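Next up: a single chain in structure tokens, the form predicted on its own.
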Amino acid sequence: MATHIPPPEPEKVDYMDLPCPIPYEEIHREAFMSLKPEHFEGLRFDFTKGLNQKFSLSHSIVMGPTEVPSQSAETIKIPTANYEFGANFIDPKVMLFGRILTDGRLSARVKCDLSENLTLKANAQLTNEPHMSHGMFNFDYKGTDYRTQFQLGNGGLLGANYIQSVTPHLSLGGEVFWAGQHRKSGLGYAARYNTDKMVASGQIASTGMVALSYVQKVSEKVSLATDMMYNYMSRDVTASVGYDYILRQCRLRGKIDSNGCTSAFLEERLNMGLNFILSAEIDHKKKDYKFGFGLTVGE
């Protein structure tokens, strides 16, 4: 006589003890890390020297072509070179970052934990070009199962967003903003579903922007990612698919998009504190080919 085995009972969800979601502006974080590495063209050299446990200095040299606006279909580039000097202060509750370039641009970022749940973030950039300098203040509050943020920027920019965990795997959120200088306002909504093996995110805004992303974790070292960007106003749509392969000594990322642009990005750890970087990007439609290599020295 066959023994009847009852089906397993579904796991009970304690809705009073849901996990805290990731910040609203980072709902596409996994797809962004896999599909949008920091590509560059030419030569890049970064050196960071720690003076003590909290304070360090950085030096960066970039030599390569820069694209200039052109009415023709072909891309026009001119050779450029820049040097960047930076200072960093990192403390458990305060982080300060400053950068200055030879072309006169000055940037600064601040992150300060005002309490266990409230964080102040600020960033600013000053340039010699008129109307190109900007500044932004963010106040982030982290609850037990939600996050909220208030933004204040120059030009009369005001914004706020909120994201809430509704199940252990699903979080929903929304945002609102007002650009006083341009007299424009907007609303946005977002959803994110994540498990141990996958992450799916979607975002829509009243400006006409629709963003979708999906990341599948094949193994501990391999992830596959895809995303789609659609603008309802201009009817522009772009989709891409890529991979993220993490080895013991290196990380390889690559993608191809619907415009025929393919790219690859390799980070190789040669020794402790010494990394080698290769960047390649080919746009067949625009006949634009970019290749770069760099070295990163220091932590």
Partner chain sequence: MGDALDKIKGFWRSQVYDEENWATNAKLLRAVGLFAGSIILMRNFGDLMAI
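Positions refer to the first chain, counted from 1. Treat the numbers as computed from the prediction; the structure is a model and nothing was measured.
From this point on, the text means the form predicted in complex with the partner chain, which you will not see here.
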> Does Met228 reach the partner chain in the predicted bound form, with heavy atoms at most 4.5 Å apart?
Replying inline: yes
>> Check Met233 for me: does it contact the partner chain in the predicted bound form (non-hydrogen atoms, 4.5 angstroms)?
In response: no
>> Taking the partner chain as it sits in the predicted bound form, is Glu268 near enough to touch it, meaning that at least one heavy atom pair lies within 4.5 angstroms?
In response: no
> Does at least one non-hydrogen atom of Leu126 fall within 4.5 angstroms of the partner chain in the predicted bound form?
Replying inline: no
> Out of the stretches listed (44 to 52, 60 to 68, 268 to 276, 245 to 253), which one is close to the partner chain in the predicted bound form, meaning heavy atoms within 4.5 Å?
Replying inline: 245 to 253
>> Just to confirm, with a 4.5 Å cut-off on non-hydrogen atoms, which of Ile100, Leu172, Leu224, Ala160 contacts the partner chain in the predicted bound form?
In response: Leu224
>> Using a 4.5 Å heavy atom cut-off, which residue among Ala191, Val176, Leu212, Ala108 comes into contact with the partner chain in the predicted bound form?
In response: Leu212
> Can you name the residues of 263 to 287 that have a heavy atom within 4.5 Å of the partner chain in the predicted bound form?
Replying inline: Lys285
